[in-house]
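One chain is shown next in structure tokens, namely the form predicted on its own.
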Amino acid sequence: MIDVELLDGGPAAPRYDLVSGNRMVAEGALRAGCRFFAGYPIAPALEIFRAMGEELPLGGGLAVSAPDDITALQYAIGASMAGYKAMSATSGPGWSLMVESVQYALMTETPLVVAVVQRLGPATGGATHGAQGDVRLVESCTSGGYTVPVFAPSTAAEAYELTIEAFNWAERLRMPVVLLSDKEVGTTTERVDRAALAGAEPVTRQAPFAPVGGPARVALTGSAHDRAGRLMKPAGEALELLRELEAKVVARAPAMARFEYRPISNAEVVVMSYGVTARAMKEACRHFHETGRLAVSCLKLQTLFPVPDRIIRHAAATARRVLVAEENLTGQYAAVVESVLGRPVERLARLGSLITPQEIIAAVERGGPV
């Protein structure tokens, strides 16, 4: 699907297409080796559903329309257990229905990817209205607070690249991974240079993952169990396995950190954001760089969880002020940043409409709580 022509053995010639973030999620999934997709048509993730239905069968894969989001994720879990890279896509209401099955995939160490394209909530909220309000919902989906990796693209190209990352980490860690997009990134059509796409090499599933239905007897349970899959009270080996579910993520957190950091010498302010709001942040920071009115650094976070605490601390180390911009009611990720830094941060939080570069500029120049 992504064929890059080289000119005279030199760098690949630019090859531009107009394509949406949702479409690039589907293309990233195919590049990562996804062979099974199950979904329920829900806005604003619908184009992923449609694209996978169109493209997967052409390569010998299978795309299934499920009667609801619960069933969709359970189909995907079953396909992954049978040995196929699997995926589903939804939005906030559907993710709420999926949570029990996400925890089952976590407990059974079943790799899969769920693309969550955010819209305005709560409940059915605004199906065609953008938001970034599901950050803590995806973070807090597990009983016991186990970390589910979450990647957040801000452009169509990043949607492609981070989808591959999500699949790779799902395979490495043997667990569910979330690609957290938003309505604007998912549905906006923009120019993408296919020749410049930089997705990582897909990870191949390897032993000792024994597929269900294969020659080896496989036991999979969502209850506390020992290493042989036998149910047992949560003590001893069962507790050890539960601790490992979190420890394997924590140990690899630095390797999972994806971000773009543009430091400015002696920066007075560092602005942090993610998703579509990071695009406004980028424009605001360009303004300060060009005018020289204030020394402002910007940090775009592409990994939200596990929290990339090292780069957050590094970016804020010498800055007098930290501003986090995001499109939700309370500043959900700002609270995460505060817990990392151990000090208050300024919040530019907006409900129901996009944050503009001019509003970020004004917040930086004004200072204090927004």
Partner chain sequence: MSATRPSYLSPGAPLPYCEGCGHPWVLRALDDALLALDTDPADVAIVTDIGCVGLAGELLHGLHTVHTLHGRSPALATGLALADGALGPGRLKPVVLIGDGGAMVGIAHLVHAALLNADITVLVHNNGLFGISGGQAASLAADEAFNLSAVAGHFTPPADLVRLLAAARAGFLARSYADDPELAATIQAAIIHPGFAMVEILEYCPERSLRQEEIRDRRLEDTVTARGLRVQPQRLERAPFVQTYRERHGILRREPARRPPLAPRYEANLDRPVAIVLAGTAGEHVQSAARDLCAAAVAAGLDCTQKNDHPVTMRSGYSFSEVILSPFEISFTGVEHPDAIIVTSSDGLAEVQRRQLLSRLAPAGVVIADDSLALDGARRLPLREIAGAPCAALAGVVAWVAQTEIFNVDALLEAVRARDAGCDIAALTAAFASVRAAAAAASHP
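These numbers were taken from a predicted model, which means no experiment stands behind them. Positions refer to the first chain, counted from 1.
Unshown form predicted in complex with its partner chain; subsequent notes refer to it.
In short, of 305 to 313, 332 to 340, 318 to 326, 62 to 70 it is 62 to 70 that has heavy atoms within 4.5 Å of its partner chain in the model of the complex. A heavy atom within 4.5 Å of its partner chain in the model of the complex is found for one listed residue only; from T142, T124, S96, T188, this is T188. Contact annotation: of the candidates M256, L173, M81, V138, the single residue with a non-hydrogen atom within 4.5 angstroms of its partner chain in the model of the complex is M81. Contact check at 4.5 Å (heavy atoms) against its partner chain in the model of the complex: all three of R15, A219 and L354 pass. Not displayed here, its partner chain is kept clear of R347 by more than 4.5 Å at the level of heavy atoms in the model of the complex. Contact check for V148: every heavy atom lies farther than 4.5 Å from its partner chain in the model of the complex. For N168, no non-hydrogen atom is located within 4.5 Å of its partner chain in the model of the complex, even though that partner is not displayed. Using a 4.5 Å cutoff between non-hydrogen atoms, R286 counts as a contact of its partner chain in the model of the complex. Looking at 22 to 54, the residues that come within 4.5 Å of its partner chain in the model of the complex, counting any heavy atom, are R23, R35, F36, E54.
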